[in-house]
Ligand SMILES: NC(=O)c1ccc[n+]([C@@H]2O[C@H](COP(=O)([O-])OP(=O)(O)OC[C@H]3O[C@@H](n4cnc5c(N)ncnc54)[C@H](OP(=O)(O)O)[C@@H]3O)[C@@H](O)[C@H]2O)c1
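Just one chain follows, in the form predicted alone, and it is written as structure tokens.
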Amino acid sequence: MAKINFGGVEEDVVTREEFPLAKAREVLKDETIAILGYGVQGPGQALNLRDNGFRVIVGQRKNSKTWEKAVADGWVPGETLFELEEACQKGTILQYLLSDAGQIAFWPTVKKHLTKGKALYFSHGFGVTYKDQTGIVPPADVDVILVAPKGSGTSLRRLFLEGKGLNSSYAIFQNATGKAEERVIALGIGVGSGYLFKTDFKKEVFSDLTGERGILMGALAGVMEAQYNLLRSKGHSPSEAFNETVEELTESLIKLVGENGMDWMYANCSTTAQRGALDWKNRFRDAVKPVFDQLYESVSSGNEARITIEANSKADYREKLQKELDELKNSEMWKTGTKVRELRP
């Protein structure tokens, strides 16, 4: 591991230079990696591992849309594509990438095939951390590990094809074989991580649920709506309100932040923008702090897990979810966004 100074705090991280792909292949040369689920993270991780030269199979429900997607991606039924339970039997490393609700439902089958020495791999600490609610308690004689790419499976695959990597956290919940650390790091390199930083299952799920509900999705969507609605209420056109709220952020400013940092982006904007942003930054920070405090408490107490599990277990969940997503899609703001994207050169 390399010690890297992050803002004055030293962390242990693993880079591709110190743990190259050739070493990862050597560590996993006798393993069969079974990707269970081909939805959000499954395709990106499976394809990257396959392209990097690992022995990979996919487990998915037959006659589903995701089964057909796997076939379209080159996985061959009976050779590299199997029903979920058969993949569990064949794999020595089971990458449990079903949805959180799917993991709960399928757990009795997976557990049955977790024989001594196998590894159970997650990309989210939800099932194990909230075991009292999920019932996911791994056997004591298997490794339980985690690699969590900091982005969607789509981004993981796109960056891999560009010759880049998406940073990932990794964790070891159970080291039954004594090989859990080299297994998890090899898998992290294999799926296409830029660098790997260490965490634990609880911290991963607490930070992940906070991030999704906060700045990455919930807060971002909420503040966008607030500013868009304000501008519209003051007589600004949909195009103007959307461009000033979303388009400039996503097509210009956030890319500058990603490339060089917030300070660089501020320094390369007009003096008027600099002064206003610096003056209002702390007011927004202080205004949302109580909301973030409430959010973290809801995550750490298990309340967010309870809400998620209860919602997902209802028969009409997908129907209700689609209704909520349609409300977003059909709002003036995001209809405007569709048109603005069409007009991009």
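Throughout, we count residues from 1 along the sequence that is shown. As the structure is a prediction and not an experimental result, all values here were calculated from the model.
Absent from the display: the form predicted together with the ligand. The rest refers to it.
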(message) Using a 4.5 Å heavy atom cut-off, which residue among 165, 214, 151, 238 comes into contact with the ligand in the predicted bound form?
(response) 151
(request) Go through 314, 61, 289, 281 and name the one with a heavy atom inside 4.5 Å of the ligand in the predicted bound form. (result) 61
(message) Using a 4.5 Å heavy atom cut-off, which of 152-160, 85-93, 72-80, 182-190 contacts the ligand in the predicted bound form?
(response) 152-160
(message) Residue-level contact is defined here as any heavy atom of the residue lying within 4.5 Å of the ligand in the predicted bound form; does residue 267 satisfy this criterion?
(response) no
(message) Within 4.5 Å, heavy atoms only: does residue 40 come near the ligand in the predicted bound form?
(response) yes
(request) Consider residue 249 of the chain shown here, and say whether it contacts the ligand in the predicted bound form, taking contact as heavy atoms within 4.5 Å. (result) no
(message) Quick check on residue 171: any heavy atom within 4.5 Å of the ligand in the predicted bound form?
(response) no
(message) Under the 4.5 Å heavy atom criterion, name the residues of 118-136 that approach the ligand in the predicted bound form, in sequence order.
(response) 123, 124
